[in-house]
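Here we start with a single chain on its own, the form predicted on its own, put down as structure tokens.
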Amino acid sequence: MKGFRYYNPVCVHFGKGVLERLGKEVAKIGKKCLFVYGMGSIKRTGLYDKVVEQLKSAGVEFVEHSGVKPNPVLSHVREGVEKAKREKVDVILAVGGGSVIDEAKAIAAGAVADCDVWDFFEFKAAVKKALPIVTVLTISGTGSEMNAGLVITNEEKQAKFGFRAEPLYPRVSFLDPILTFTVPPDQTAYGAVDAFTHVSEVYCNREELGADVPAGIMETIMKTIVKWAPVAVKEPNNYRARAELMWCSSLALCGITWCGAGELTLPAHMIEHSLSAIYDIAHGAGLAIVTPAWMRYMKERRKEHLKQFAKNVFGKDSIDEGIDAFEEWMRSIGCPTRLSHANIPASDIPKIAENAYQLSVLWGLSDFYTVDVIKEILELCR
């Protein structure tokens, strides 16, 4: 087993009715918050009113920052940074899915920085401190509620970059599976694929094949997602299914999976970021397209990893059967598995590869993931 350092300071409140503690928990941290949320769904579901009631009852002032896109963009982050500075908020409250939480993290970092927030994404500056963050999760998938990472799209550069910094761990996260009942089937499926691939990428790229604990944790998470995602898609009010998916997505990227397995490597995510940056498709949808192709390309280089994936996750005897079963599972819950399914023309592959190579360089993967290699992987997505 590889050596590791594990640190995760997030206090999680999980289960029915945990939102009743929100106001008190926020009040412990600050007196004035920036209330970050998305395009208005929390108002339609009544969650907005519950959050406002909690803040008011606890005597917490708040300033709203709404309109976060499903793929959060830099221009809106910068607006939030300026608002946080101008209003002198002392805590950030994110109510939504991973996109909302990611933007909240970027604002939390930018609000106390002297540099432009994009400098953090290009590693021109490091996050030394940030405003404290509280999250209320409404969509399972990214795991951002329980980690220190984030991803933002720079619209001008068509670049979707991310980074991790310990000051960006949320202080407290509220996870009530009931809040995900209103998530539509397609977004439920994309979130499940996102969580699954957070684990499968670690599993298929791990340095240590003989470490039973991380392998067992990862296999359990993947099999649980495979089992319960179709149920949540068909039965959106199934509490058990929503709860299983919610906790799986939080565990998938909280750091526990790669303890003992080696360094975190996410090459399929690296390539997918270009799809969602250029075409603004859902991140999970892009991963459903890229990940099986990446597996097929890496069949010889990750032979033992993929044999174990096929057998231990999908019960198949060969790598090809395992990848086919994975792809069929994604199709069964309504995900695209080819570029054409997302109306992305194959003629754009060179452009996508050039875009993805920027991130390959930034993430230190360019020795292997050259433009030509990325093109070859994308050709398998046709």
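Here the structure is a predicted model, which is why all the values come from computation and not from measurement. All residue numbers refer to positions in the sequence shown, first residue = 1.
Keep in mind that the form predicted in complex with a small molecule is missing from the display, and what follows is about it.
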property	result
Contact segment among 301 to 309, 93 to 101, 215 to 223, 256 to 264, judged by heavy atoms lying within 4.5 Å of the small molecule in the predicted bound form	93 to 101
Joint contact, Asn8, Gly23 and Val26 to the small molecule in the predicted bound form, by non-hydrogen atom at 4.5 Å	no
The unique member of Ala229, Met246, Leu150, Met295 whose heavy atoms fall within 4.5 Å of the small molecule in the predicted bound form	Leu150
Selected contact from Gln187, Asn238, Asn154, Asn205, since only one has a non-hydrogen atom within 4.5 angstroms of the small molecule in the predicted bound form	Gln187
Contact of Ser41 with the small molecule in the predicted bound form (heavy atom, 4.5 Å)	yes
Partner proximity in the predicted bound form: Pro72 to the small molecule, non-hydrogen atom cutoff 4.5 Å	yes
Val68, heavy atom within 4.5 angstroms of the small molecule in the predicted bound form	yes
Leu179 within 4.5 Å of the small molecule in the predicted bound form, heavy atoms	yes
